[in-house]
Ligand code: AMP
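What follows is one chain in structure tokens, specifically the form predicted alone.
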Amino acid sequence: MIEFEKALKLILENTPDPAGICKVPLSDASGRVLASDVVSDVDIPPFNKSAMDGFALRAEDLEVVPANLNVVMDIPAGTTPSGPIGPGEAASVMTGAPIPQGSNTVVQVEWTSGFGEKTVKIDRSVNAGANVSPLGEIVENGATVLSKGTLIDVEEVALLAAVGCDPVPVFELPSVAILTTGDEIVAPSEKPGPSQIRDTNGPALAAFVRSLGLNPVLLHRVGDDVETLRRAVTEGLEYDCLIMSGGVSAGAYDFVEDVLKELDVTIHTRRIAVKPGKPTIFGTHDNKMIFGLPGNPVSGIVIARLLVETALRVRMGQNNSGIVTVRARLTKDIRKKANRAWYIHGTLSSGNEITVTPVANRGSADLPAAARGNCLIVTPKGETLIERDSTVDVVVWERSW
């Protein structure tokens, strides 16, 4: 067995770069990864902008208050001032509208009287620059607003729209195939017969891949037969990433590693010092990634979250693609064997502090326990007791919160 950290390092060192670059409409960019830096083609705001409904004026005209000023123009949002203002003058202005040349501040309407009249009375003095967003305050023309490798979400879409980035340069998405193996496996829609179980890994791994914004292809399930497995793996190697479940242990019918070697796949990991997920294979072939995950469903899901997701995000071109952890206070003791690092499903709670409670489980097939959890508690190799109230690392994802 190799340590988890070494396995992760080997996987990342051998993860291919993104396949290429394409452009997509801004409306389709969410969930994609930027393939180049994005530079603004405008100043934001593009003019000295009022941040309040009120009156644009010269702050020096309010050295003595109350002050009465002549209202010389009205400036709704989306219109251009008709000219400058001078001493003793003001302009009625709406939020988001440009202030006229000569003005240097905006007095909010609540501090005035006479709105809509030819003269306005200002009750309070204000400093120059108050309630004004100056030209280019947020973004300067030519500034880089988003970096290559950024995962595009809602806020990034808004920013891309603001700087006119449409279409958007993004990395091409890797193709992913999923293959489940085992003579005992039947479709989820079928009633299992004696010695059979339903295929949980195929649907679960497909859902996992979709959660990354990718579209998986579910290959036909195969039994524990070398020839059919070879044909299925050969088909799977046509994709950028092949994720297999089952057939990776040391049993008499575990043929995955042998078939991969026959097909000239370079094997980088075989056994990892983790629980669950020890029999995990990672290999590469002609710029393709191959993962062989344990058949036990909880093991496969855990390794997918820890290793497969990290590699796929790198393959997608995403920066900051590593495992995301937080520190939390443990609410119950955890006892374990010292020979491996354990990743235990837990329930994360955040209030005055972040706490995590381990979920009781009956092993690597206990899907109800995994479904009750929303995170993974990291318990290091070499430790046998992690005491209540200890601070531990916790692997988190979107569901965790």
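One rule holds for the numbers: they count along the sequence shown, beginning at 1. Fair warning: this is a prediction, and the values are worked out from it, not measured in the lab.
Here the subject shifts to the form predicted in complex with adenosine monophosphate (AMP), a form of this protein not shown in this document.
**Q** Exactly one residue in His285, Arg271, His268, Arg198 has a non-hydrogen atom within 4.5 Å of adenosine monophosphate (AMP) in the predicted bound form; which is it?
**A** Exactly one residue meets the criterion: Arg198.
**Q** Sort through Thr310, Asn296, Ser92, Asn104 and report the residue having a heavy atom within 4.5 Å of adenosine monophosphate (AMP) in the predicted bound form.
**A** Filtering the options by heavy-atom distance leaves Asn296.
**Q** Should Glu235 be classed as touching adenosine monophosphate (AMP) in the predicted bound form when contacts are defined as heavy atoms within 4.5 Å?
**A** Residue-level check for Glu235: no, no contact with adenosine monophosphate (AMP).
**Q** Quick one: is Gly277 in contact with adenosine monophosphate (AMP) in the predicted bound form, heavy atoms, 4.5 Å cut-off?
**A** So Gly277 does not count as contacting adenosine monophosphate (AMP).
**Q** Please run the contact check for Ile185 against adenosine monophosphate (AMP) in the predicted bound form: heavy atoms, 4.5 angstroms, yes or no?
**A** It does: once adenosine monophosphate (AMP) is placed as it appears in the predicted bound form, Ile185 has a heavy atom within 4.5 Å of it.
**Q** Against adenosine monophosphate (AMP) in the predicted bound form, would Gly300 count as a contact residue? Criterion: heavy atoms within 4.5 Å.
**A** Result no; Gly300 lies far from adenosine monophosphate (AMP) in the predicted bound form.
**Q** Please name which of the stretches 149-157, 257-265, 240-248, 301-309 has residues with heavy atoms lying within 4.5 Å of adenosine monophosphate (AMP) in the predicted bound form.
**A** Selected range: 240-248.
**Q** For the stretch 267-282, return the residues whose heavy atoms include at least one within 4.5 Å of adenosine monophosphate (AMP) in the predicted bound form, in the order they occur.
**A** Residues within 4.5 Å: none in this stretch.
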